[in-house]
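Next comes just one chain, in structure tokens: the form predicted on its own.
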Amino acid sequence: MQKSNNINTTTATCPACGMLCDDINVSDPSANTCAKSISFFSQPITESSPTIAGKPVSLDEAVAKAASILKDAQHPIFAGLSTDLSGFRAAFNSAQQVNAPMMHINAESTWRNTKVLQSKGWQTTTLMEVKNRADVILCIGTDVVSHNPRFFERNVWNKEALFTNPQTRNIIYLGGEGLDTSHGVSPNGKQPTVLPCATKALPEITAALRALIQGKTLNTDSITGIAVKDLETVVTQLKEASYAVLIWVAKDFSFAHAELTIENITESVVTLNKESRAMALALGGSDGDTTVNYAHTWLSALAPEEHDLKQYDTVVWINSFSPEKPLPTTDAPIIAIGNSQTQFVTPPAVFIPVATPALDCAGTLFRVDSSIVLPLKQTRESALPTLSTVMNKMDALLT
């Protein structure tokens, strides 16, 4: 397989997190300020050929074997789906041919947000509006930067804000354990307000916050270790803000019925908007999950759901972006289509290495705030086939 070389580009969009920063220096990845970006653009290309049960074969042989397995399957599923828009659309067409459901690798966390959006709706903002307008930012149960490392750099302390002074923003951290709150310190040294509590206490804390915003009285002095008077101060700041933003990351809400906590946040925003101005913002995003969720809904009229992979007799596992993430645990044969650097403890039934969008091929992704679509440039030469190419070859054999 052909060795890789950087092609004629110096800046590009990074798909390593949902923010899709579009100012990344790809000629010298170490010059960037984000560890996720450095890791992504420093990936070497691997001379990897398709395999069947761990033995190298040609692309056509691997595709033929995969198609044969799918034809024999009674209940297949397409999962992982860590890819860009064109890759997902191609996978969707193949899944339709064999009547297979689809599930993204981040389904567990994204479904928490989807449940709230479906049942209650929400009022959300964009990264640009945060940058230009937000004067109070409430981070609930998350430090944000563990998921979106440049959030504060690009959207909070950015000097190019149009309608507010970034230096005077009030940053509040409510709930969460062991959070890195250092990014909430303004460039002039203004400290954030930090009200910590155990992550498992977030349902009670957000319910209390919602009640106080609604004007209700709490007959207690504290909620899970946070003084009610401190929560009341937060509520006052939110109500007096010109543009308050309440932020969460669904991946950090790993407890039962987390969607009810998200509902507390989004309904708090609804109440605040009766007399002031506030918006919600779900951050995080990785592996193209925002793009896949939107595209799946357009194409099927249904939001993607979480599935138990052990209930299916064949798994097509697609993972173009994240070679470090392992295959699912299942006794069913796995057709793995993904990043050429992927390592296996046990070889899958079929493995087909494909191009990674933003490295080996161009692509398209939705940003985590769903407001814009950004193009991904090809940043190096590669002989790897695209996921669309592989899916089209497979479709021809499934017809």
Partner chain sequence: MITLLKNAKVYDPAHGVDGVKKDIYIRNGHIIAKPSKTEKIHEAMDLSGKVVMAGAIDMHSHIGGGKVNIARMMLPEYQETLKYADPEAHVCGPQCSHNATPSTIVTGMHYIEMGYTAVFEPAVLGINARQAHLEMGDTPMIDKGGYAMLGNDDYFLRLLANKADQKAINDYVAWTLNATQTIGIKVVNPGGINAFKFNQRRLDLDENNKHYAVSPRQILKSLSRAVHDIGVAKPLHVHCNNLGVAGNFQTTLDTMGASDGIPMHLTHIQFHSYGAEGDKKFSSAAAEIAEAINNNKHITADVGQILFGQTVTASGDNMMQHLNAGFANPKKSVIMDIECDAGCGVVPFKYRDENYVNAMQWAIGLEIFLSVEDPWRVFLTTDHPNGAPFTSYPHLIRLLMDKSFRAEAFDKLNLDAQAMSNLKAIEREYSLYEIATMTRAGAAKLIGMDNQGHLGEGAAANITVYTEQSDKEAMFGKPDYVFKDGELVVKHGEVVKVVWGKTHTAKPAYDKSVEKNLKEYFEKYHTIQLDNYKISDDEMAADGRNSVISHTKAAG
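Here the structure is a predicted model, which is why all the values come from computation and not from measurement. Positions refer to the first chain, counted from 1.
The form predicted together with its partner chain exists for this protein as well; it is not shown, and the discussion that follows is about that form.
Although the partner is absent here, Gly189 sits far enough away that none of its heavy atoms falls within 4.5 Å of its partner chain in the model of the complex. Shown alone here, Thr124 lies within 4.5 Å of its partner chain in the model of the complex, counting heavy atoms only. Heavy atoms of Ser268 never reach within 4.5 Å of its partner chain in the model of the complex, leaving it off the interface. In the model of the complex, none of the heavy atoms of Ile213 sits within 4.5 Å of a heavy atom of its partner chain.
Of the residues Glu129, Asp143, Glu204, Asp135, just one reaches its partner chain in the model of the complex with a heavy atom at 4.5 Å or closer; this is Glu129. Screening Val194, Ala227, Ala198, Ala303 for any heavy atom within 4.5 Å of its partner chain in the model of the complex leaves a single hit, Ala303. Partner contacts here mean any heavy atom within 4.5 Å of its partner chain in the model of the complex, and among 274-282, 325-333, 204-212, 98-106 they occur only in 274-282. In the model of the complex, Thr364, Phe366, Arg367, Asp369, Ser370, Ser371, Ile372, Val373, Leu374, Pro375 are the residues of 361-380 with at least one heavy atom within 4.5 Å of its partner chain, listed from first to last.
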